[in-house]
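In structure tokens, the next block holds one chain alone, the form predicted alone.
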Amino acid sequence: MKVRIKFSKYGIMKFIGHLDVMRYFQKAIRRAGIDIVYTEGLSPHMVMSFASPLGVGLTSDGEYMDIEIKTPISSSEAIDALNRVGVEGIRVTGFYQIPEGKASKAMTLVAAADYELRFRKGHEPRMDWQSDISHFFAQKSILVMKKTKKSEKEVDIRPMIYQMSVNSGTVFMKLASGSTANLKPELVMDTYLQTLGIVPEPFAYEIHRCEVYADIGPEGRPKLTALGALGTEIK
């Protein structure tokens, strides 16, 4: 049985990198008594994959990982067991059965993500920066210099910004995410501030990822659906 786990990452755990999160869940799954499938061979390891590893310093309510289990367990039992052996800062919020097959893997499905961005205390610009976000988002093209491994190239990031708004100092963004197109919220905010003549400060933002989506629509007609909604709760 293939299962998708949804979890939150917050507090001090936002400084824990992806590999440590993976090791954390390997231990938590064993301690919770979940009968997970292991690979075969000389060095067996848990069948486990993450949708879109979160950057260090970000918090989230929309993290996903896929596992495969031998013995069925109800969603409520699994969530309780994992949280009982877990630590403060990581909380499992969903446990869903998903269809079999490579096409259902979370890491290959990711197409977009929701973010909330706010300034850290003492780092907010002194001038009015909120009123022009709607005009920024309304542009047909937003060109930026994006760094690659070998060089820099000019990229139009506007097609990768699906939504952008601000409310009481918190900026909401729905951005392209995944292997095909991936846009970071800090790059969008830096670009916006530069259009206002504001020099972005390093480490000035607090960023929270709210949800991760798959595109289940036909080609040319995107339809974004949360990864958790592609599975069903286990009774």
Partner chain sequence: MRKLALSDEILLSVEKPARYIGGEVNSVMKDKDKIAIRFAMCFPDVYEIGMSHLGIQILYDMFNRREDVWCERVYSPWVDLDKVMREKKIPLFALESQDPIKDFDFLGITLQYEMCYTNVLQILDLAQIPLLAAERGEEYPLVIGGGPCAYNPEPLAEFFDLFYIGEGETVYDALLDLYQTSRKAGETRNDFLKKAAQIPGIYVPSLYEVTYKEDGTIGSFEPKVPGIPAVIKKQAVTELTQAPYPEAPVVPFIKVTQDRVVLEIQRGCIRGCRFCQAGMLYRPTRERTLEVLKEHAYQMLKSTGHEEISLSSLSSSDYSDLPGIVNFLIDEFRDQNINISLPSLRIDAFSLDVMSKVQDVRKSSLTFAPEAGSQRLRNVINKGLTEEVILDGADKAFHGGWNKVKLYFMLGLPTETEEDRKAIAHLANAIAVKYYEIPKEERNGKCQITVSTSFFVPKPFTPFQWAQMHQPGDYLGFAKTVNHEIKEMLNQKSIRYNWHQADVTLLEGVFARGDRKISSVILEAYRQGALYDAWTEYWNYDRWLQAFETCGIQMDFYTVRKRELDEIFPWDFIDIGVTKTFLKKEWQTAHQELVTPNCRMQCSGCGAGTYQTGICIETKTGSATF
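Numbering follows the first chain given and starts at 1. Bear in mind that the values here come from a model prediction, so they are computed numbers and not experimental data.
Beyond the structure shown, there is the form predicted in complex with its partner chain, which is absent from this document and is the topic of what follows.
- None of the heavy atoms of residue 199 is located within 4.5 Å of its partner chain in the predicted complex.
- Its partner chain is not shown here, and in the predicted complex it never comes within 4.5 Å of any heavy atom of residue 107.
- Its partner chain in the predicted complex is not approached by residue 182, whose heavy atoms all lie more than 4.5 angstroms from it.
- The closest non-hydrogen atom of residue 11 lies within 4.5 Å of its partner chain in the predicted complex.
- Residue heavy atoms within 4.5 Å of its partner chain in the predicted complex occur in exactly one stretch of 74-82, 117-125, 158-166, 139-147, and that stretch is 117-125.
- Residues of 1-36 placing a heavy atom within 4.5 Å of its partner chain in the predicted complex, in sequence order: 10, 11, 12, 13, 14, 15, 16, 20, 23, 24, 26, 27, 30, 31.
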